[in-house]
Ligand code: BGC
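Next up: just one chain, as structure tokens, the form predicted alone.
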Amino acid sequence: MNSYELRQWQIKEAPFRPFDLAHTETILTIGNGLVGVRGSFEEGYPTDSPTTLLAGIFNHKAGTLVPELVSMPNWLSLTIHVNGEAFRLDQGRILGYERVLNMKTGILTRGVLWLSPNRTILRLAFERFTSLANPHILALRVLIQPLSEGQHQLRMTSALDGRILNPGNVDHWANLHGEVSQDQLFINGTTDQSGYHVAMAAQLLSTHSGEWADESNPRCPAHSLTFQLNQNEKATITKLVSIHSSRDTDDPITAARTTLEQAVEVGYDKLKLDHESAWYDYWDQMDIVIEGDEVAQRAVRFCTYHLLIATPQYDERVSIAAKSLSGFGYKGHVFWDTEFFMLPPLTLAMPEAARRLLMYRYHNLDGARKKARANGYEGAMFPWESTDTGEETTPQWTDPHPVTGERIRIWTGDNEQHISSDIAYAVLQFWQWTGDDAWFVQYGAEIVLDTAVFWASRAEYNAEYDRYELRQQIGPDEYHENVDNSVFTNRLVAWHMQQALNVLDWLHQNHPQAAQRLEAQLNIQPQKWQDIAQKMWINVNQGVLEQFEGFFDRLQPFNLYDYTPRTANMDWILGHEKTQRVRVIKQADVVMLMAILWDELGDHDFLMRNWETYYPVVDHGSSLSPSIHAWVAARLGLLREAYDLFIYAATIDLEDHKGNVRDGIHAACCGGVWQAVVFGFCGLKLRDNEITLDPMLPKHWRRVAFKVVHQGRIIPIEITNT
């Protein structure tokens, strides 16, 4: 691989940027679907956020509003002393520095040339990975070489640091106990509310023998190895770590010990080789090749990488959080982001992974039914935010505004109900692409039908106009809350009801026993579903879909262009109350509907009128928005706008356009970027079980290539720009 090709697989930091620490920690996260590890330094740094997150390990601490992912003990902890001086980047002088994330292999490396306060020159080369071949194994290696004359004393101190807490110094552990056994460390504990048991084991291996010493406290088992090195002599230190929880085994302590022993026996080099091989398979399935645009190629791979490291490999009772496993934003909660943004790329390219994510929703149907009953409805009403239980976990209030101190009521958990149809959409898309009738009959159909039961109980009949309506809704545009007849929600529900009727007919024709079982289990009302599908009010005003009732008549016109350039969202600038009254929208709403239903809504001229109406007033206050606008702009033939929006979306985290990447990766944007290329620029569709393409590539893109899987058959797709 030449240097040009290599650049398109690398995220590089050089020189060290201490004021950008939180951003680089996020974008240099490594992971394997089970574990996410932020890119903090092994030796630590002031203001850093050493964070390891384990999928599905939530806890609701007494006194906090909602459950959150629990910070694991810091397995990276490895401090280095040379001649009694601690190696740290905030001390001494950095003579050279380079940190590189190789997205092709999922390996993070760091090279440092460091001058100590007493003028010892030390060369260090760090390397770490979270095994994709065995997600319970974490590995770290460092090469150390003193370059100054004489003999030097090196002391390596390794720890499993359980003193790392969640933001706000929230301690989720009921107990955390560490042990030291010469070259091995152990720590295990139980979360104080959810009762998850987690165990970690670590072993330090060295090419140089020396003197061991214990340096531990009950929450931070640690030990040190001291040895001598001459000028230019090299030593390699390897730290292998295992992690298990009660989510994957009844005995996490024994499992952690066994996994560590096996890892040590296999050795670092073989573990790394197996890890790289697994990444080769991942990229073989998911990579999009873009020739002629180095910026786009690298950014698309960055987005795909972060989607892949967040995708569960085995556990079908976890999903992908809005901030993946890269930070504490949204406390690790799962939103519609998964089904509309992250799941479609997996459905097309890695259907087994998509199936696991859909099974998370199936296993949590009880939580959705519980929410429906609590709100006076029937069927399955999926929560806006969910964790491990499947129950609603949306907080009811915001944190205080940093300037005004105002706290705002959060209504999304109550009234952003379109998520139930979003999930049904993802189920039907998966079934359409995979043709997996057995899965659909056993699992998927129940989701589609029971969410339709919910809508049948939720829709309100207006006898005066002989139509169905949905009041007190929140569409994707969350700047306007508790509106009546959100056109996104209404139109999607009408589509959902018709699809549910089609599913019911298909079951009766092909799987009558399953149809009878579901009809006996669920309150299915075909005639009412048909009425709702036909009579749901879809308001067309001024020749376009009206985003919600009163959007044109009641909201004040607003010149969004005056507020450029901006990083802050408009609701933050204007304040919550004023934003509710003006015609500025948060994100793709009608445009989102255009993306998923397209010509089912109307002809090209109708779609263009809608674009021209809503695009000028969208704030892109959510990272979910630019990629969808890029997709739709490409289909409308607006290639300049499409490309600009696409590049903005693809680099939203790399360049921190929103100024909040410190909180974690915008995972939905990552999935949206993949879709913008495949569905937008390449124009891929599945119609009547046939794949079609209608490419509209940017002029400088010479070639785009990727693979999709249709009903078990891998289909390579290549488009050249002529």
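Everything numeric in this text was worked out from a predicted model, so none of it was measured. One rule holds for the numbers: they count along the sequence shown, beginning at 1.
This protein has a second form, the form predicted in complex with the named molecule, left out of what is shown; the following refers to that one.
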Practice problem: Please check if D315 has a heavy atom lying within 4.5 Å of any heavy atom of the named molecule in the predicted complex. | Solution: no
Quiz item: Is there a heavy atom of F454 lying 4.5 Å or less from a heavy atom of the named molecule in the predicted complex?
Solution: no
Quiz item: Heavy atom to heavy atom, is L624 within 4.5 Å of the named molecule in the predicted complex?
Solution: yes
Quiz item: Does the 4.5 Å heavy atom contact test between F302 and the named molecule in the predicted complex come out positive?
Solution: no
Quiz item: Looking at 205-213, 583-591, 535-543, 430-438, which lies within 4.5 angstroms of the named molecule in the predicted complex, counting heavy atoms?
Solution: 583-591
Practice problem: Quick one: from W336, F129, Y425, F488, grab the residue that has a heavy atom within 4.5 Å of the named molecule in the predicted complex. | Solution: W336
Practice problem: Scan Y614, W114, F548, W384 and let me know which has any heavy atom within 4.5 Å of the named molecule in the predicted complex. | Solution: W384
